[in-house]
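We begin with a single chain expressed as structure tokens, specifically the form predicted alone.
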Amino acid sequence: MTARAVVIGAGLAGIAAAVRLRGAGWRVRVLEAGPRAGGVVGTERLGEWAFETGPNSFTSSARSLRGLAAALGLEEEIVASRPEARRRYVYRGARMHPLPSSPPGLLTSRLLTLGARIRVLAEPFRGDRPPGRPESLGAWIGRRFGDEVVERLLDPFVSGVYGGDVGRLGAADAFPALYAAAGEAGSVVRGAVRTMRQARREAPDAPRGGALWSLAGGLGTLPAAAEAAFGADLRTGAAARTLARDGSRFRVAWESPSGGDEEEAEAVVCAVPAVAAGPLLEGLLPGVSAALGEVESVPMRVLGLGFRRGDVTHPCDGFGALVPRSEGTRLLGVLWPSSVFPGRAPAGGVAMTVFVGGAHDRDVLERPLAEDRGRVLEELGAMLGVRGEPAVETAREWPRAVTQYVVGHRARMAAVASRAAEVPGLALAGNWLAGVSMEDTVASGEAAAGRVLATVGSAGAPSPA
């Protein structure tokens, strides 16, 4: 008898869990409340232009994500970034500053004052006295490098990754590997070197020099391939409403435009956002809904803009540019996908992806799109010399774009996962558990499937292991 599983949520975590379970011989049903799989991951094509609706690339060390792409028949679609992707900018003081990629580059950069540059270079030789309690990213980096580095480097970097507030994100929560390595080494710089060396040992075949990857047709190719692979077993527009356990089996009820239905299974992987997971899990794990309801996320408005090359003064010769909050701009950052990957713009075109919102602009989706559009075009004019109207444009809005790993988040989520582990056949997955990157999200789905396989036998009985 073939074991059955229901995966609730068809974002990257749910897709990864479903692919692994199906590969182990299980019959898998995937339920997705939205109109398509992938969550925020998607690609919108406008003629010869292509814009990502969320993440734009993944790192060369993302082995789980690359493995998932291969499992869905997309290995030949993986493309590496152009060399220009290594170049990043920070916009400060009405000019674009190349982000230093090495200590020698830092010495000549005008992004920091001379005093701040000297303090950065001296950090490996400075003693460390941790406060003995969980600290925020801003407090940690400020303690080691000073406030100027927090304002001009950390703040825009964190805006690019989390859209977050450096004063609230936890140092050990948002960047656990680096924080741990820095603690062992007594230095953030030495810890960063250790972390990079460890990554190279774990992925010796990964390209060096900060290479990025995508898919030739855009990242949306991956969820589209999952929909094709699972066919009718992946139901979009199907919102799970209740999750219950009857003996050794689970019962999942869902609703769709065509009506309601339910299914029984030996295992369930819950891979929806924390705010949706809480009510579903409350019947099995009393009290967990309150904990998951406190998980924070930030809204984001993503604009895809295509310009004629002659209407942009800046060469846009890199990955993109980030903006410190102190600059007072509305946009958090702008990426130049047409400079990074082929097939993102027609000849003579410049594709830009602009992010607005985040922790310091939580009312972003309450403003008319036209207001942000006008402000963004003004700011792009000042930053990049953009003139006139875009040739093409698109916009996506995400009420809960990025989970915020505030101080103590990982400990709280570990407690939730521990509760779930007490129920055989139940596993949790998602970017609120173990990291917000696409690689972290895929890895969480694979790990959830692994827990199911370890606790439930192929016929649905508890595993002797």
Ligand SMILES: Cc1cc2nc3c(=O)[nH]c(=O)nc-3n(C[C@H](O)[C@H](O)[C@H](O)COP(=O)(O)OP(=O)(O)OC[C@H]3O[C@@H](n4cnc5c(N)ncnc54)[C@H](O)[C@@H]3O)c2cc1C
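We number the residues from 1 along the sequence you see. Just so it is clear, the model here is predicted, and its values are computed rather than measured.
Unshown form predicted together with the ligand; subsequent notes refer to it.
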query: Stretch from 173-181, 110-118, 134-142, 297-305 whose residues place a heavy atom within 4.5 Å of the ligand in the predicted bound form; finding: 297-305
query: The ligand contact in the predicted bound form: residue 67, any heavy atom under 4.5 Å; finding: no
query: Exercise: residue 268 in contact with the ligand in the predicted bound form, heavy atom 4.5 Å; finding: no
query: In the predicted bound form, residue 424 touching the ligand (heavy atom, 4.5 Å); finding: no
query: Close approach of residue 5 to the ligand in the predicted bound form, 4.5 Å, heavy atom; finding: no
query: Selected contact from 158, 352, 240, 226, since only one has a non-hydrogen atom within 4.5 angstroms of the ligand in the predicted bound form; finding: 240
query: Partner-contacting position among 416, 402, 434, 407 - heavy atom within 4.5 Å of the ligand in the predicted bound form; finding: 402
query: Partner contacts for 29-46, taking the ligand in the predicted bound form and a 4.5 Å heavy atom cut-off; finding: 31, 32, 33, 34, 38, 39, 40, 41
